[in-house]
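First comes one chain, alone, set out as structure tokens in the form predicted alone.
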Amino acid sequence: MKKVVHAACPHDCPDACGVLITVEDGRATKIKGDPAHPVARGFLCAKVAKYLDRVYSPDRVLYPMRRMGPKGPRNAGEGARSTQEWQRITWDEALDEITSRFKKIIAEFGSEAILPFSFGGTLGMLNSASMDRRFFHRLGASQLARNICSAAGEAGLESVFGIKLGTEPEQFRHSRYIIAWAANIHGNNVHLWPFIAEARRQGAKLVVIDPYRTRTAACADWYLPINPGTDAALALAMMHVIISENLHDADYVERYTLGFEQLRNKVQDYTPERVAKWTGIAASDIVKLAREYATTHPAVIRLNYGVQRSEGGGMATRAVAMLPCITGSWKEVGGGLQMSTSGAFKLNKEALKCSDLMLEPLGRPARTVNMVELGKALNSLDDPPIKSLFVYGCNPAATCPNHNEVIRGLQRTDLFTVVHEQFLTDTADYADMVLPATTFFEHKDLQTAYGHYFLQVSNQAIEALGECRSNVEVFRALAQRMGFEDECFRESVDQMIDAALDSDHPWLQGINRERLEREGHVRLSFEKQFTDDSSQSSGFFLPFAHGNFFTTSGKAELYSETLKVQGLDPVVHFEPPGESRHSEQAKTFPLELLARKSDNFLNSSFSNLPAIQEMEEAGLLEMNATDARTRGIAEGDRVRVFNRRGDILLRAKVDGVLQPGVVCARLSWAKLSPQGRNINVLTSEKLTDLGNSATFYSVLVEVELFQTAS
């Protein structure tokens, strides 16, 4: 028997591709992009194109396992522990042991001593945030603030627009001036690239602003390297030029923005000459960029999350988001800005999460732990202390900042850690119990996106391998073992999808599960809200062409009372990060580190697969030739990269991808390196100005030639 199943890629990527999985005699034999999907258009990224290697990897965890040896990888650099370190157990044994330990912890320390820990391993609505939330709410466990990736940027975006909306990718083909700002489109947004290529064939100019000469920057018409963490200053200087030369759209500004005069006063201080000293971009180039952006129509900005991973990341996003508001480019097809489109999916998320369940055990909302500060949380003396960690859809031993503190906490013998995973990750090496998880081939889900406006049902293509279970199944079973009798724990997957779609929002009008299953993908129904807007008749979604901002004022808020109440600058603010070349710490640690994502992995996902590893050169520290020469370092030398938080040995790659004063290393699994560490030994738990997110790109280090003892 042969069939083709429509599914959707749930990995943490804006493209959320529709995929077609060929199944023969119960085994998946082929995966390809859905040619009917308006964004995927029949091709996949290099990672997902090899997804069969992931599903059928000999390293898949297929059965529940209990730890038999000490916590931690047995030998750094040799990959996962052998199966002799684990005892295979039944699901009944696993569930009984987990619930028994939970009950004991609750009796002695209270339910908030249990902490769930998950993030973007899957973005499927059900397997990322439904039955799991219900279970931990009903349990009374501590809640997790999932702020590690995008919270600062989201806060900055919403402070101006009131919602996470942006230019749809299909419009980029109509743009004539495209700025990729901290956006490596070739590396992590590849399905946008064909639209940009089409625009360039019609004469569009592509400008890339990035501290690192990415694959996208190498293809640009104009590449502007910028010092890390100075993006807000550049945006302010651009607005200085645009406003002082009257290049702004006065009519749009008057009708649809709030606080323009305050902004005009603010940007007077950010002259191109002053900002050039911070950004490393020549004043003449700042002026040229501002003029070209403001006078070329339509102009669009693809802003990505790298811009918000510094201490001032929220304000940086806010500043860049103001640009299309003062130029009025939201009026034009192919204009505006895209950072996230996720705010458009007005699903009934509360029906999935059932947050009111936490009132039964506690009578109040449970305490919240910021996932950025996991190291602090695991090692603190809080009342109650964290006594159990349940990890799913996440690999914190690789991805969390301040790696050494995270590992110190995970090594605690009194910490009961459960990891629900597809592979023996870095975090699984510190687990007391590992549970086998399905891939998206093996379960059904509802898929939104943050890079386009198509909603999808992802159908199950094959039966689960071994004894793998989805997140939904695991937390439903745990609820039953705990004796939770609430009706929500008995809902089927289809019932949960129906509940999520049970929304009266006009953008979801006419969209139900049956239609999604029949059509594969369905565009949100924007025309239902914008019937008075002639710009929608063309079939394009121009969310802010006539204002319609989702702020309290209904306008783009260039001045924000909400920020003022929080004690923040109500307009916008820039100051150099505390860890930057302009800080006092730079006297000891003079190099700014970009702790970058790898081009061919997805955070820590895919990094253990041989076919993907072949595409990525691991263990490198990329340096500018000037910085290397000053330290007596040559291509291929082993170097020690260090600061007060830790150190790591890497191999020097002296190339032209970085400006002087900046070095770069990439994220991977810690245990795949000879030392059993990764670059997060150097990053800190310091939080951003808005959103309490991670500051992975505000890191100072020093580098020295590594010499072994004779």
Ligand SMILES: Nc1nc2c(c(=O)[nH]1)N[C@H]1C(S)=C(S)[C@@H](COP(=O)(O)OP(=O)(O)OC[C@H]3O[C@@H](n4cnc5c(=O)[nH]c(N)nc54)[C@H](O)[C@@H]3O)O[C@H]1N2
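Numbers for residues come from their place in the sequence shown, where the first is 1. Note that this is a predicted model, so its numbers are computed, not measured.
Another form exists, predicted together with the ligand; not displayed. Remarks below refer to it.
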### Summary
the ligand in the predicted complex has a heavy atom of only one listed residue within 4.5 Å, and of 171, 111, 460, 304 that residue is 304
### Query
What is the one choice in 503, 340, 184, 143 with a heavy atom within 4.5 Å of the ligand in the predicted complex?
184
### Message
At 4.5 Å between heavy atoms, only one of the stretches 346-354, 197-205, 146-154, 239-247 reaches the ligand in the predicted complex; which one is it?
### Response
146-154
#### Entry: Interface membership of residue 443, the ligand in the predicted complex, 4.5 Å heavy atom rule
yes
### Task
May I ask you to state whether residue 420 is within 4.5 Å of the ligand in the predicted complex, using heavy atom distances?
yes
### residue 37: touches the ligand in the predicted complex, heavy atom cutoff 4.5 angstroms
no
### Query
Counting only non-hydrogen atoms and a 4.5 angstroms cut-off, does residue 667 reach the ligand in the predicted complex?
yes
### Query
Does the ligand come within 4.5 Å of a heavy atom in each of 222, 294 and 526 in the predicted complex?
no
### Query
In sequence order, which positions of 579-618 have a non-hydrogen atom within 4.5 Å of the ligand in the predicted complex?
594, 595, 596, 597, 598, 599, 600, 601, 602, 603, 604, 605
